[in-house]
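Just one chain is shown here, as structure tokens, and it is the form predicted alone.
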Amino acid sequence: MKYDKFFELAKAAGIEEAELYVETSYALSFSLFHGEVDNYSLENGSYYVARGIINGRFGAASCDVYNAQRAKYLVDEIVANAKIIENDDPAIIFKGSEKYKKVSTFNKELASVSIDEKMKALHALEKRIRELDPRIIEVPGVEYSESSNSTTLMNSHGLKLTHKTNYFYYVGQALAKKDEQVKSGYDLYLGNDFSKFDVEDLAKKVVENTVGQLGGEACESGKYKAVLDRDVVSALMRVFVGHADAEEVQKHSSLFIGKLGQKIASKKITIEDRPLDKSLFARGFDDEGVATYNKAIVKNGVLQTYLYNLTTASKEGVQSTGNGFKAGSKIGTSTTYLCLKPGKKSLEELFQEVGNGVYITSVSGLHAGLNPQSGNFSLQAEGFLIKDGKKDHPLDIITISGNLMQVFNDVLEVGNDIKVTTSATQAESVLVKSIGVGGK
């Protein structure tokens, strides 16, 4: 009821349609170095974004405190902003979808776990990473981070929608040394059920990821059959699917222009946006109030749809796909929970199919090393040699190169080793028939 004042003032100011987006958040984080807390942060905040339509043009304003004076400020800013807007994008405030599916991603039990207990687990994690292998020479840091968020969207059409979510993660880092070679590694646990977090399991993964890189050497440069680890696939897939953004298509900056209904990837590739799945990232509506739904973006290699918000959909005379999400006060387009459909083969079975090749476990420099217009890339990478169908020694100081579209066309198999990342992506390892490797 306290937000009625905003809508009353908006109407009085001649704003034909108005919308208020309210976000409240709680964030807790702390980290350790050598058993001592070296960072501690506890924040509670609110964020308000108001939009309104005057003479067919949008005005927008935002603030981080709400009261009667701020309500007037938001209205005044909307009016002033609408007068100077220069683009001809259609201005739409959504009246509401026919129905919404209720989703729950909030675990109230997480808040009942004491900070002391969360801190105790972090101390245990740092201790176990140090103890598990004598080659571990340093633990540069371990961290706990927790976030809780509530979003409410309301407008002058009477629409009111609310979504709550929370999650936490633990992350551990390590340095390992053998002879004169030093390698770093990390891993993390993400969830919102604290009872499922296992200190020992995460510590082992951190150590394995770190010491597993020791003893590496560069391979001969050339073209290799390759397995791309799920972390690599996740990173590449987000860039790949970014070309399905209808705004990028309309600006003629997408590699998917004119490719609806056409093959753009291997028939093994099915990529879906699944906001209604039971996951940490579930959402029943987007930031414009449009009901979300599970959808295939690429099915058996064929492009099924572009991703629309209300503005880009209106330009083409189609319906929004429920992918309108805020980037500041601007509505952009993004997926909610991006999923690569898993195959049936294990990682070890993918190695067997390769025979002799490479297993790429991480890449860096994706934003600088990948040309979004052409899809060509050259990236610093880490991984392992695959020899006689098994993972062999680690690779040191290599690069991989190729073309984004070609990589997804060259997928021969998708594994079943599902991993969910903090970027709201589910991916598995894939086998590709060829990738360029720069080594010796």
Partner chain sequence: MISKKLAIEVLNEALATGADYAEIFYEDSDARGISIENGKVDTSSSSAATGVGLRLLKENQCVYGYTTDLTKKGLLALASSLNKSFHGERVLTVTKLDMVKVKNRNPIKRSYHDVSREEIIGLLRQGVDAINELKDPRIVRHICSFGYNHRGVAVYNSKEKWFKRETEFARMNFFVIAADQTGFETGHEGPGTQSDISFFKEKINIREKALKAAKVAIQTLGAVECPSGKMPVIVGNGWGGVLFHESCGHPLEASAIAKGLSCFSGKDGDLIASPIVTALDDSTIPGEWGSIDIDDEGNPGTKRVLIKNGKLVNYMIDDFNGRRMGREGNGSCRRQNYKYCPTSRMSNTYIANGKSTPEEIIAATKLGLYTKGFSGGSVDPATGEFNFGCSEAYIVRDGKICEPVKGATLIGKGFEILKNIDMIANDLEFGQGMCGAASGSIRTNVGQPTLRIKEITVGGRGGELK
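This one's a predicted model, so the numbers in the text were calculated from it and none came from an experiment. For the two forms, the rigid core is made up of the largest set of C-alpha atoms that agree within 1.5 Å on superposition. Residue numbers count along the first chain shown, from 1.
Same protein, other form: the form predicted together with its partner chain, not shown, and the subject of what follows.
Enquirer: So which of 251, 108, 120, 178 reaches within 4.5 angstroms of its partner chain in the predicted complex, heavy atom to heavy atom?
Expert: Looking at 251, 108, 120, 178 one by one, just 251 meets the 4.5 Å heavy-atom criterion.
Enquirer: So which of 162, 195, 221, 356 gets a non-hydrogen atom within 4.5 Å of its partner chain in the predicted complex?
Expert: Only one option qualifies, and that one is 221.
Enquirer: At 4.5 Å by heavy atoms, is each residue in 149, 153 and 413 next to its partner chain in the predicted complex?
Expert: Looking in the predicted complex, the three residues 149, 153 and 413 all stay beyond 4.5 Å of its partner chain (heavy atoms).
Enquirer: With the partner left out of view, is residue 319 within 4.5 angstroms of its partner chain in the predicted complex by any non-hydrogen atom?
Expert: Because no heavy atom of residue 319 falls inside 4.5 Å of its partner chain in the predicted complex, the answer is no.
Enquirer: Using a 4.5 Å heavy atom cut-off, state whether residue 60 contacts its partner chain in the predicted complex.
Expert: Although its partner chain is absent here, residue 60 would touch it in the predicted complex, with heavy atoms inside 4.5 Å.
Enquirer: Please tell me whether any heavy atom belonging to residue 392 falls inside 4.5 Å of a heavy atom of its partner chain, as the geometry stands in the predicted complex.
Expert: No.
Enquirer: Determine whether any heavy atom of residue 200 comes within 4.5 Å of a heavy atom of its partner chain in the predicted complex, and answer yes or no.
Expert: Close contact is absent here: in the predicted complex, residue 200 is far from its partner chain, nothing within 4.5 Å, heavy atoms only.
Enquirer: Looking at 273-281, 135-143, 98-106, 292-300, which stretch has residues with any non-hydrogen atom within 4.5 Å of its partner chain in the predicted complex?
Expert: Careful reading of the contacts points to 135-143.
Enquirer: Looking at its partner chain in the predicted complex, which residues in 380-397 have at least one heavy atom within 4.5 Å of it?
Expert: Heavy-atom contacts to its partner chain in the predicted complex: 380, 382, 396, 397.
Enquirer: When the rigid core is used for the superposition, does residue 408 move between the shown form and the other one (threshold: C-alpha shift of 2 Å or more)?
Expert: Residue 408: C-alpha displaced by less than 2 Å between the shown form and the other one.
Enquirer: After the core is overlaid between the shown form and the other one, has the C-alpha of residue 391 moved by 2 angstroms or more?
Expert: Residue 391: C-alpha displaced by less than 2 Å between the shown form and the other one.
Enquirer: Using a superposition on the rigid core, decide whether the Cα position of residue 71 changes by 2 angstroms or more between the shown form and the other one.
Expert: The answer is yes; the displacement is at least 2 Å.
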